[in-house]
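Only one chain is given next, in structure tokens, and it is the form predicted alone.
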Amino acid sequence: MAQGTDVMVLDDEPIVGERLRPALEKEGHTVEVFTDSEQAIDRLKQKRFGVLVTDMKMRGPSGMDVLRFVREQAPGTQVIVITGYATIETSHEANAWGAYRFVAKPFKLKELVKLVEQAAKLASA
């Protein structure tokens, strides 16, 4: 288990962060939750995270915009993209930009926590 990894969760649906935060904190991670992508980008300018879990479609910058920003500013951060609008094209685009995984909603909490654990082992933030 990768203890002490800083994780950002970004989803405009508050329930996602409300479910993920306690599950990830139970595994020893420090978790910051955002529902606004512009605020998340501002925070990413200040702090490096080992893992970012981001929704794809949001008001303001999209999850793909956030992924591109992270790839340019913090290439060691592992990014897991979650979306309710999964298509082959968006999956390929996320992979092309270096996403660790692309996960369709609804997801199983335990499976996403396991993915974060795996990504945290690879993180160099």
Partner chain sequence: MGSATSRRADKNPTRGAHEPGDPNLAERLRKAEAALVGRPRLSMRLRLVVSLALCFILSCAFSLGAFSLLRTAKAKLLLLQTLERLDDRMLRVRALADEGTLAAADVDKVVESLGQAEPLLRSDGDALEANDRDAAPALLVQLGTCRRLLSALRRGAGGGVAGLPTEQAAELRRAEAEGGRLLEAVIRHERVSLDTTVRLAEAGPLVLLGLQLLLFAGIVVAFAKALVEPIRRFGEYTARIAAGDYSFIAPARGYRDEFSDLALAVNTMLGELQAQQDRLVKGAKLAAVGTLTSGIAHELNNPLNNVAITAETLMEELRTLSDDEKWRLLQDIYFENERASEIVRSLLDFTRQEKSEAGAVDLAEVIGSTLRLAQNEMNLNNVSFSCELPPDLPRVRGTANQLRQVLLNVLLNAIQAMPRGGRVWVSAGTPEAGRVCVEVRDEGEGIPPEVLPRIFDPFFTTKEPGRGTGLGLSVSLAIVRTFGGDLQVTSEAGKGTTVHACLPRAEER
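Numbering follows the first chain given and starts at 1. Note that this is a predicted model, so its numbers are computed, not measured.
Although not depicted, the form predicted in complex with its partner chain is the subject of the following passage.
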{"property": "4.5 Å heavy atom contact, K105 and its partner chain in the predicted bound form", "result": "yes"}
{"property": "K57 within 4.5 Å of its partner chain in the predicted bound form, heavy atoms", "result": "yes"}
{"property": "4.5 Å heavy atom contact, V16 to its partner chain in the predicted bound form", "result": "yes"}
{"property": "K110 within 4.5 Å of its partner chain in the predicted bound form, heavy atoms", "result": "yes"}
{"property": "Heavy atom contact within 4.5 Å of its partner chain in the predicted bound form, the stretch among 94-102, 42-50, 28-36, 77-85", "result": "77-85"}
